[in-house]
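You are given structure tokens for the same protein chain in two forms, set apart as structure 1 and structure 2.
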Structure 1
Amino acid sequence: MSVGDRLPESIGDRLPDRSGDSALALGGVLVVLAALFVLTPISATLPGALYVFLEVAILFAVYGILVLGLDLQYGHTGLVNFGHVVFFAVGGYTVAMLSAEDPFAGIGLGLPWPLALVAGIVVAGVLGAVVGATSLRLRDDFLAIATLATAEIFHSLFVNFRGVFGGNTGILGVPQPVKALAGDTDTTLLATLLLFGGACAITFAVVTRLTDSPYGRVLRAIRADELVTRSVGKSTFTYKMQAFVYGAALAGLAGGLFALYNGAVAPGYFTIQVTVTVWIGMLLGGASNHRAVLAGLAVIMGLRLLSRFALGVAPVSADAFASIRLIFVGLVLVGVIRYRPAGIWGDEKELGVDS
């Protein structure tokens, strides 16, 4: 229990929450450290056994940006978006199509990658505005279906329009700026982890500033009771649209970073499993709490990492083990919802649920 928690509520509530400032400082430090590895002769030497942990940590940083956007939409505004992966994919494909050089499938325009990354964020945000304009007036369950259908439609487009998106092969030849500057594999992995970790921390700081402001209180009021919020003169649709676009743009940023790290995009990277992973992480940790959703995501990805090692000693096939892993994750989620419906670190009063 923190000192602020032990203080009388009236005083504790007045203490400023410095988590956003701390995250911003941490993000800046991580980005500077990443720059040192890619812009100077400094290099890293890592044990080969750490590669798998670094790769999972890099993916966690990318998914961390995704889950923060989803928490802004659902945790704070109550928008049930089951198609979050589509904005992740659109960001990745936009970066690939604009920056890839001479791909043997799909389109690659060979433009500078910073321009492509900005375009990926903008295109994902614009798609969020289009989807939001047509779906946000729907009831929660219909909004979930509409966003899920949008994700499936775009997945079909990526697979079937081979001349544009490269079909199942996807688009190769996407620039990998960190790899190009760092040179060797060890330095590339460490610099990428630092850079993406810094991006995730800065994203945390930005969304924390947003949700701690009066704007964030309006979002939470919409989630608690939209009718009452509208009765006091707030344009709830405008606020919901803004939250939806912000979340989509963050997903586009995550998709663009993923494409620049991976050097390629393909439909197989952007399946419904991505949406399921970030949703389970958010619910497991506790929606409406940025630190909790990141912690929940870490738990889920940690379980997936442990299962990699368990596969080597399990007396079953890889396909059977994949099914067992899904069952185990499902049981964990059911247990948390049964005994901690607000999530492990979620606030029951904040979310208005009964344990």
Structure 2
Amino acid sequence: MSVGDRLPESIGDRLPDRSGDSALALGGVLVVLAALFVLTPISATLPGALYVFLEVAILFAVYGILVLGLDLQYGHTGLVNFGHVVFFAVGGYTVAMLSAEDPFAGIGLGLPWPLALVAGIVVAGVLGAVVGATSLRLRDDFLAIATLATAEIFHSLFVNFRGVFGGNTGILGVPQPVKALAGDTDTTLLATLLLFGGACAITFAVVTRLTDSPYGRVLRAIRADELVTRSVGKSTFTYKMQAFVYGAALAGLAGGLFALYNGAVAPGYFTIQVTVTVWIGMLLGGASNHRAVLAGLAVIMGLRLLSRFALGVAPVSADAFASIRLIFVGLVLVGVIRYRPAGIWGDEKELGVDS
């Protein structure tokens, strides 16, 4: 059997389409629109019923950046990172600790937020490099455990080192640049959504460029058969490391944006549930297809939105409802793996699930 037969067909003939360029254009337009709301006296008035939609949509844009990074790692390179939330958290905490003024508990240095955001991306990327250097040689399921372990270690550090990370309270007083510039709540929400949507679209464009290039083909070849890829002279470890660091840095960006929108970070925002949510989104949509993973994420986030409305009418306490929602989320993960292993829009052949 030749090498060509062993690689999924679509790796060889996947050609760049225009989706990257249109996403870039969309991202640019959204950012400009956001700037219009933020920098000019134009303001928006929204009906109160829309608030919950906007909040979930903003979170969708943040998680969208997360899932695109994760898809680069798992969907394209086959790296089973089950601690993705740690890079999200580290980005958020770095931004918060550097930029917060009067943080109530923990460190807040009060530096300018753009500097903090860049630092958040860099620190998350560096952590990705450290985790990658130590873990990427592991077998798939051990890599999952090692990354999960990293996330749990950091979670318990955040909770226990109150003097540094603010304990369970987290770090308050993080600057909210959009809110500061836009003024009222309605304009802030809309501008944040446009800005984050733009960031997500631009991330989509960048990731698409990367994976449509010959570089992306090497990544997919590694997932399909690492030994063969190494035998044609590619340093697979270097490629895996790069993909891992890119994914981690994107998660750091998402975490930083989240902190600057939210005005605070706390361990409660960065639990294993975040990892599970983005994994479900990715698997549900179809790993290795950027549009599909975002669509999958939209489905699972849509369920979250529905559950917010259901909470209003359900005859149970908020706490019981939270449990019910998590039971459901867990079972969705189980069900997706069992019944749609390639996802709704995924390519079964490319993912090799039928083998």
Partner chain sequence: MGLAQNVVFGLVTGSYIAIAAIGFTLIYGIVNMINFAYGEYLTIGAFVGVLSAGMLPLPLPVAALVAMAGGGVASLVLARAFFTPINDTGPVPMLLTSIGLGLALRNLIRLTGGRSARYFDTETATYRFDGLPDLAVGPVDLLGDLFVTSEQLVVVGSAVAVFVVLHAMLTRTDVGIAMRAMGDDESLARVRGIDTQFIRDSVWVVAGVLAGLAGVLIGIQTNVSSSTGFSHILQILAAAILGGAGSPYGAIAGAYVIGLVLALSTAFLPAGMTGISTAVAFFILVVVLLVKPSGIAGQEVREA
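For clarity, a rigid core is taken as the largest C-alpha set superposing within 1.5 Å between two forms. Note that this is a predicted model, so its numbers are computed, not measured. Here, residue number means position along structure 1's sequence, counting from 1.
Comparing the two isolated copies of the chain, the first one is the form predicted alone. Once the cores line up, the CA of residue 53 ends up less than 2 angstroms apart between structure 1 and structure 2. After superposing the rigid core, the Cα of residue 318 is displaced by 2 Å or more between structure 1 and structure 2.
Residue 329: CA moves 2 Å or more between structure 1 and structure 2 after rigid-core fitting.
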